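Okay, here we've got a single chain as structure tokens, the form predicted on its own, with questions on binding and movement later.
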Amino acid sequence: MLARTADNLFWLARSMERADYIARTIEATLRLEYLPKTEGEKTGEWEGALNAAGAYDSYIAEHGELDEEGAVEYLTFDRTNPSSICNCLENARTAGRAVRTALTAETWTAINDAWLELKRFEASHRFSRPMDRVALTRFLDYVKKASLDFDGSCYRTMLRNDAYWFNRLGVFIERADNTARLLDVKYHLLLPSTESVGGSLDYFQWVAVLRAVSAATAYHWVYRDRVKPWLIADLLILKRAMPRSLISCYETIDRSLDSLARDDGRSGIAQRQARAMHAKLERASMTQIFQGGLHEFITAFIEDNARLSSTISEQYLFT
């Protein structure tokens, strides 16, 4: 496969996954907005949402003062934000069109339909800014459905060849990064200094995190206990059965890279890095992670994940 084609497949998948994640982050943040607060209390929900999307610094540089309306606009339709939902879906469609012959008809239809629907939302948004909560909820539901349609069409219709494996790599590199950032943001930004860990606000914030990754029901199935931060961290880091957990993502990344190596007839640095990260997660325990510091563990993971993405690009995607 041409490096250019592989690169488009990889970033197509990352863009669709990122759009879904940002939609879920906004949805979770809106839920937190409904929680009761004391007068004048600031709990940092939108700062956390922008940080989780990697867009806080650019937002402040562009707009200065932070408020809900500005944050929602920046994360959804603002073309100056490279990671806005609008740009993610636009980039996905551009990449998909460039590799149209490497996609099945169903996969291309899912991508193109998402883009056409985006144009309709954009046209409506120009005449009704800001969006009310009903319109925003409808938009976020559409984004999540578009991502599910894309992911499902890939899984059900694509041959298990190099095109499929580059697609999977894009999805799970992005998903691992998103899960890690969401956990880190919760620990460092959402809980106000005046609120005790384990308090009512802390509880609802963690429930919002679980809902953001569609894991609220899964949590109770696995632990059959009230919401506890260390159990949520365990679910999202070390539980293989949880599709968005870090270890589950790396099982798929490891398998995808091994499949590419088998088809290509040779292994490389990317395979070795992925195996090392997977093995590190397999050996880890939550006791060790918390003793060493959850923030430090996640920071190292995000850096290693970004390094693997760069290695994949150098090994496969650069011409």
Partner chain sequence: MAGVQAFDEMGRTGERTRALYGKVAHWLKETPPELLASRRAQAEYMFRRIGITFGVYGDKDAAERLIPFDIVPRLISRAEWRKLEAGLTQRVRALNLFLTDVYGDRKILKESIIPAELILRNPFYRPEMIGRRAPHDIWVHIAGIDIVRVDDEEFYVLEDNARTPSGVSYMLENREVTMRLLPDLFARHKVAPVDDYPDELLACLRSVAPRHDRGEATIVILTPGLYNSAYYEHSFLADKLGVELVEGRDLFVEDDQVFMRTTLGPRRVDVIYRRVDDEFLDPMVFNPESVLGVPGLIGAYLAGNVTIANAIGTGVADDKAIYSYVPDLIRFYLSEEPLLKNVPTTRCREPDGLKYVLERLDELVVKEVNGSGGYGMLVGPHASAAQREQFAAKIKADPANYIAQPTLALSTCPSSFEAGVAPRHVDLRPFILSGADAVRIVPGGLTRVALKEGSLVVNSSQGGGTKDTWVVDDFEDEA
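None of the values given here were measured: they were computed from a predicted structure. Numbering follows the first chain given and starts at 1.
Just so you know, the form predicted together with the partner chain exists too; it's not on screen, but the next bit is about it.
Between 125-133, 242-250, 209-217, 107-115, the stretch whose residues reach within 4.5 angstroms of the partner chain in the predicted complex through a non-hydrogen atom is 107-115. Residue-level contacts in the predicted complex: of Lys228, Arg100, Lys144, Arg138, one residue has a heavy atom within 4.5 Å of the partner chain, and it is Arg100. Only one of Glu62, Glu68, Glu33, Asp264 comes within 4.5 Å of the partner chain in the predicted complex through a heavy atom, and that residue is Asp264.
Within this chain, Arg93 lines the site of the partner chain in the predicted complex, having a heavy atom no more than 4.5 Å away. Using a 4.5 angstroms threshold between heavy atoms, Phe172 stays clear of the partner chain in the predicted complex. Of the heavy atoms in Phe166, some are within 4.5 Å of the partner chain in the predicted complex.
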